[in-house]
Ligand code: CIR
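Have a look below at one chain only, the form predicted on its own, in structure tokens format.
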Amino acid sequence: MTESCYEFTRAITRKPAPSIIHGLRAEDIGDPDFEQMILDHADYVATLQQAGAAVTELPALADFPDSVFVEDVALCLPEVAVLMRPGAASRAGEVAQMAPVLRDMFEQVIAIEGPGFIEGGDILATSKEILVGRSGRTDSAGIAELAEIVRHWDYRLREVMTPPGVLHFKTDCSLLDAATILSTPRLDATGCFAGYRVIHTASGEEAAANSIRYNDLVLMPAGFPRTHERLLAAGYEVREINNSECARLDGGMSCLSLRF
């Protein structure tokens, strides 16, 4: 793997559909405000473009309420795009919608066949390895199948554990640079980031862990001032994006795009 694990030129996003009010959620804290979500999504796309992304924005899919969270349906590596097999049955059809898009962009597109399940929200690709968290949406069989696929390009894959009650591995972490991870203390305490530099989210600001590094910018959800200050102190250029409505559906910065 290369040191440029956060350097990209392209991104894929999908517009939210009004049906998103029926999206999956671990805890019901109310339906998202669709109009606010549209505004926030536009800000997200514009910020990716400011960071240097050529953004392909796909149309909304009314039949798939969670389809705005495109990251869960694919893993995009320089050599290959791997179509996932979502652990949430209601999201399985999203993969077929994404497949032709990726086949137009990648020479190699390979699908996880099963019987295991795996979602992109559980996958963190760093400069030296691919970390995949076992979770309620990703099982060992799905991880093993992905490991076999990426081995062809000499990627090292390591299975780790997502803490109980956490939806996805990247709910609690994100890549800041080739050697640095932003993580919640609870995830870091599992020892999965041994050998990396780790910056912890501030107490009560765990939701800030799901940020993304895209070229020179770190895109983080708004409303977490102490974690923001920690990132600034560490030398990162940060852009805040309101994520209040996606957060009602357990979504964050990484969920909203495929980056390559």
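Each residue number is its position in the shown sequence, starting from 1. Note that the structure is a prediction, hence the values are computed from the model and not measured.
Form predicted in complex with the named molecule: not shown, discussed below.
Chemist: Spell out, yes or no, whether the shortest heavy atom distance between Cys255 and the named molecule in the predicted bound form is within 4.5 Å.
Modeler: Heavy-atom contact with the named molecule at 4.5 Å: present for Cys255.
Chemist: Can you tell me whether Leu167 touches the named molecule? I mean in the predicted bound form, with a 4.5 angstroms heavy atom cut-off.
Modeler: Yes - in the predicted bound form, heavy atoms of Leu167 and the named molecule come within 4.5 Å of each other.
Chemist: Gly142: heavy atom within 4.5 Å of the named molecule in the predicted bound form?
Modeler: No, Gly142 is distant from the partner.
Chemist: Can Leu24 be called a contact residue for the named molecule in the predicted bound form at 4.5 Å between heavy atoms?
Modeler: The answer is yes: Leu24 has a heavy atom within 4.5 Å of the named molecule.
Chemist: Where does the named molecule sit in the predicted bound form: which of 180 to 188, 143 to 151, 69 to 77, 157 to 165, heavy atoms within 4.5 Å?
Modeler: Answer to the contact question: 69 to 77.
Chemist: If you apply a 4.5 angstroms heavy atom cut-off, which residues in 230 to 253 are near the named molecule in the predicted bound form?
Modeler: Leu249, Asp250, Gly251, in sequence order.
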